[in-house]
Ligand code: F6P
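Single chain ahead, written as structure tokens, the form predicted on its own.
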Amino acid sequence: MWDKTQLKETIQTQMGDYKLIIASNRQPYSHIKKGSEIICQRQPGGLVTALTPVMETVNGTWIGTGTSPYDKEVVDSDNKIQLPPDNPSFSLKRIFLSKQEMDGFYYGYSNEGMWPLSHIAYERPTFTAEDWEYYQKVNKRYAEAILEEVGKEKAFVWIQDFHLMLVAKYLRESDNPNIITSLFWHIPWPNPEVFGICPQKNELLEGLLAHDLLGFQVKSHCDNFFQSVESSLESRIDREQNVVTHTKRETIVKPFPISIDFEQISKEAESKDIEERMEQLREEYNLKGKKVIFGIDRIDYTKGIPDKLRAIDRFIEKRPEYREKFVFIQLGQVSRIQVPRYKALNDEINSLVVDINWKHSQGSWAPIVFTSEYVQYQDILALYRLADICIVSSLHDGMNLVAKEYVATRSDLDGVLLLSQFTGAARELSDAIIINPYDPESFAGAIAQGLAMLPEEKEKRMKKMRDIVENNNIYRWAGRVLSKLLNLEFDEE
């Protein structure tokens, strides 16, 4: 079984003097001001959850975008800082963007264009020439930062997600033969008809085929990518070997289902501190004697939060005997609020919570507790442990690591996972109750099924899921990607 020690030994013995550099739009930690003190805060999201333990193991360099004014105050002259704050083990090199660059590259091309294009959530993508110019500009800045970091050394550059599709192309144009590049695509890859909407589809495909290795979450996303290339570019595709040849360059394309640090999360969730926090949260949310249903998502239209709220509403209508006997706690981090669709979604969620609570409240009891404030990771672990049911209701998702985190915290073999059929995780965690978030009737029925499930059934299902997540952990994922990279040779003169 892959673990942190095995990954570290593999890297030390096989990577030799190769540097490992991760490049992503999102940084793993941000700095904020609390009172008179600048504090370091771990960022939420699947990418950070997955990659932080890898970077702590390999002592590499992470290149990401600084987002707060305090991020700039703590870096050195090379815009670098050592992290994590309590046990520094890797470097974070921050890139700082102007407001115009953020608007065009991040809010514009990435999140109004590529994000809805890649998710079947019925949101029309928007592409503008100005946003495309900023997207290219920021990708070039990332390539320059990587080249500056690599110098004349050999390096594996591991690029993350849809924000940085052109970076490898710019690295190739620098004619540095010492760099091997891989990109991991964290979200779904659309079918070729949908991808054909993008005006810059050929440029993006050529940018992706500048990598030595492309990783997707599941095989169907690889198949969609092959079909997109086939319909847009002159190329040769060998599906048996998982290789695309374009302009005499070969790119390996494979699925690598991402995961979590199972052992660390499981151990931390069992700690005395978490148990104490569980008791405090029981008091804070008035949970004693009640079943707890829990959800945690970034506020995004792909996550199905309104559908989850409507299912809770329908559940109470169908099963009124559960009034005052449960509480649904939904955490949601506000994101991309500058994009009108996200602001509208935030307003919709708040309105639904008010309406449903008004409709069903009795005395001091309200069925839904919703907060969009930042919540410490220890509190999230405590809520996982308290939850009789955890709901993941994504309308379309690459993997969804909340599902795997919930499973990792339940060493007591208690709890029920309700998991959308439209997540990558549903392909692995088939012992969850699989739901269709678009169908409020069956969704409400699944909530009732989860609350009524017998202890022995819960134990059987949870044990199977825990075995899967434990075996397919984050170190196995990273080890598989890096092992594939180690099979590639530098094209040295």
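Note that residue numbering begins at 1 and tracks the sequence as displayed. All values derive from a computational prediction rather than experimental measurement.
The following text describes the form predicted in complex with the named molecule, which does not appear among the structures shown.
Novice: Though only this chain appears here, would F162 touch the named molecule in the predicted bound form if you measure heavy atom gaps against 4.5 Å?
Specialist: Yes, F162 lies within 4.5 Å of the named molecule in the predicted bound form.
Novice: Spell out, yes or no, whether the shortest heavy atom distance between N346 and the named molecule in the predicted bound form is within 4.5 Å.
Specialist: N346 lies outside the contact set for the named molecule.
Novice: Counting only non-hydrogen atoms and a 4.5 angstroms cut-off, does I187 reach the named molecule in the predicted bound form?
Specialist: Close contact exists here: in the predicted bound form, I187 approaches the named molecule to within 4.5 Å, heavy atoms only.
Novice: With the partner left out of view, is I433 within 4.5 angstroms of the named molecule in the predicted bound form by any non-hydrogen atom?
Specialist: Contact check for I433: no, nothing within 4.5 Å of the named molecule in the predicted bound form.
Novice: Within 4.5 Å of the named molecule in the predicted bound form - does that hold for a heavy atom of every one of K19, K154 and S182?
Specialist: Negative, none of the three is within 4.5 Å.
Novice: Can you work out which of R310, R141, H246, R336 has a heavy atom no more than 4.5 Å from the named molecule in the predicted bound form?
Specialist: Looking at R310, R141, H246, R336 one by one, just R336 meets the 4.5 Å heavy-atom criterion.
Novice: Have a look at F422, F315, F294, Y106 for me and say which one sits with a heavy atom within 4.5 Å of the named molecule in the predicted bound form.
Specialist: None of the others qualify; the residue that does is Y106.
Novice: Work out which of the listed stretches, 424 to 432, 456 to 464, 22 to 30, 443 to 451, brings a heavy atom within 4.5 angstroms of the named molecule in the predicted bound form.
Specialist: Every other range fails; the passing one is 22 to 30.
Novice: Do any residues of 252 to 269 have a non-hydrogen atom within 4.5 angstroms of the named molecule in the predicted bound form? If so, which ones, in sequence order?
Specialist: The stretch 252 to 269, when checked against the named molecule in the predicted bound form, contributes no residue at the 4.5 Å heavy-atom cut-off.
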